[in-house]
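Just the one chain here, the form predicted on its own, laid out as structure tokens.
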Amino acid sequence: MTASAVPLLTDVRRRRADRARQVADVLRRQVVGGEFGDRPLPLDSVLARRFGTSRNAMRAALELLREEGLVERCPGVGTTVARAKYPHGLDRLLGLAETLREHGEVTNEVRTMGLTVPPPAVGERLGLPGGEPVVYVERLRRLNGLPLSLDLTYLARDVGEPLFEADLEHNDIFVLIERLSGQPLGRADLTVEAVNADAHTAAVLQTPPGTALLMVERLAHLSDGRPVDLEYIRFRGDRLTMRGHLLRTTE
């Protein structure tokens, strides 16, 4: 073998790292999907055979999942699921409690609620004239007692003011809007991106500052098309996964 044909050590390490990421992507899905339940994962050697990879690459893949906080690696015990992630569907317009009802109880701590003059961009999104007050609600939302999201909500005044006397602790705002206004919601415009937790948000969600969060911006409309609810939701990414179904159509 010529010197030029000898694989460089850096190339070997890079291929191992690439393979580890490939394995981690598939294994992550299995862990999040509950395939292993409360049981320990199979031995590294068993997983390596199952994935057709080396034990070193499998160990590296499991280390990636450990760094994400998805699994724990304990000598003498093996690899176990650290915590469950809950699926949040993107196929229907539902409140959080409606979405996660099969996974436990969602409760809301109302941290702030009242009338405010919103930033101009918020008023524009809600189709309101400049300087028009809106109802602002900030909630810490918990699932089974654990912090899940920090929700900042701006509501058109006629829709939001009836909520002052409503039970926001145990009800989704979407449910209350429909119940109190007598009008159904129709659709929502949605954006999802990753953001780093600022110090305030990190303290509220009980996560280290700088932790990656799932940031959802959602503008909900009544069935007649009127925008009434603009939300900025910061989810703990280690406790939630977004899922949806997409159809490819031709025009």
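One rule holds for the numbers: they count along the sequence shown, beginning at 1. The shown structure was predicted, so the numbers you read here are calculated from the model rather than taken from an experiment.
We do not show the form predicted together with another copy of the chain, though everything after this point is about it.
Looking at another copy of the chain in the predicted bound form, residues Leu64, Arg92 and Gly210 each place a heavy atom within 4.5 Å of it. Comparing 140-148, 75-83, 102-110, 115-123 against another copy of the chain in the predicted bound form, the single stretch with non-hydrogen atoms within 4.5 angstroms of it is 115-123.
The closest non-hydrogen atom of Glu132 lies beyond 4.5 Å of another copy of the chain in the predicted bound form. Of the heavy atoms in Leu168, none are within 4.5 Å of another copy of the chain in the predicted bound form.
Under a 4.5 angstroms non-hydrogen atom cutoff, another copy of the chain in the predicted bound form has Ala194 among its neighbouring residues.
Put simply, Val26 is close to another copy of the chain in the predicted bound form: some heavy atom of it is within 4.5 Å. Shown without its partner, the chain has Arg50, Phe51, Leu64 in segment 48-66 as residues with a non-hydrogen atom within 4.5 angstroms of another copy of the chain in the predicted bound form.
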